[in-house]
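Next comes just one chain, in structure tokens: the form predicted on its own.
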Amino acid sequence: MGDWQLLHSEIENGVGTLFLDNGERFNTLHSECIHELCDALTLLEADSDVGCIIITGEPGESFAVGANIAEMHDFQPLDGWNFSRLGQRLFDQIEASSKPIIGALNGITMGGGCDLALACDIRLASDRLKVAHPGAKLGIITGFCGTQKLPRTVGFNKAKEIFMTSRTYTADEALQMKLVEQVYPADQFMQRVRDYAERIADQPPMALHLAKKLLNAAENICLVNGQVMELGAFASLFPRSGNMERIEEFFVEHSD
């Protein structure tokens, strides 16, 4: 699908999967990797055969870790600004995508990798997951919007603990704090993730797109404006070919 050096992709049963592979122990989110992710997501977004997207580091040891420390070694403030904005543009692209995007957290997920996971619509974890935001002990903070997104996911007090202690959390702890939606055994992980993604990909794409758009907007707008947005989105789905058939099938299926 694309000529990339740091990731590869596959499309099967309506699901497009992006596999991060930096060729090293950890998948670092350096500038080139971020550019390749942007390009790959653009292609999957345009592919009508893709109803759901997975991002993962499977079968490696890590999902993704933060920026390459060597790349940041000689950063000046403007360099830091540009790099941070590059990462934020990627995550904006993930959120703006009309297609649901799953972060399949197969292993070590730290720093910017945690932020990448937070940008995804749904996070599914292997029981090998180790997740942390270790910037404080390195004398830095995240620049990929983690300070804004993590509190919205796990709560302000928990987010403060995560950022200020640099502690590493297990998969079960991530599930308990609602950082991930499901935890699967490592030997079943990708099959369970694919089953999950295929179920999503089977849904009508416009309904998925509007639901994602409205749910993301709910973080930032008042209830009254959200209700107006929902009114328009709901009305726009009628009449739409296939909707009535699906509704009728649903009631037949659940009539017993």
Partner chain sequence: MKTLSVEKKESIAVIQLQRPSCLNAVNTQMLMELQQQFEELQSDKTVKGVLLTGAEGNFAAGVDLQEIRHFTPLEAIDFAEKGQQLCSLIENFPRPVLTAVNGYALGAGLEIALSSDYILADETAQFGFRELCYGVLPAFGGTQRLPRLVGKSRAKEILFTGQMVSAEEALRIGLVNQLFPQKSLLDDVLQQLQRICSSGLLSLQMAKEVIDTGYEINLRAACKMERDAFAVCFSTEDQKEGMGAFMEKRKPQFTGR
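Just so it is clear, the structure is predicted and the values come from calculations on it, not from any experiment. Residue numbers count along the first chain shown, from 1.
The form predicted in complex with its partner chain exists for this protein as well; it is not shown, and the discussion that follows is about that form.
This chain is displayed alone, yet in the model of the complex one of Q182, S97, T170, S84 has a heavy atom within 4.5 Å of its partner chain; that residue is S84. Screening 124 to 132, 97 to 105, 182 to 190, 73 to 81 for residues having heavy atoms within 4.5 Å of its partner chain in the model of the complex returns a single hit, 73 to 81. Under a 4.5 angstroms non-hydrogen atom cutoff, its partner chain in the model of the complex has G146 among its neighbouring residues. Contact annotation: A159 falls within 4.5 Å of its partner chain in the model of the complex, judged by heavy atom distances. Among residues of the shown chain, D49 is not one whose heavy atoms approach its partner chain to within 4.5 Å in the model of the complex. Contact annotation for E219: at least one heavy atom lies within 4.5 Å of its partner chain in the model of the complex. The candidate spot formed by Q88, D92 and A136 is fully in contact with its partner chain in the model of the complex: every one of the three has a heavy atom within 4.5 Å.
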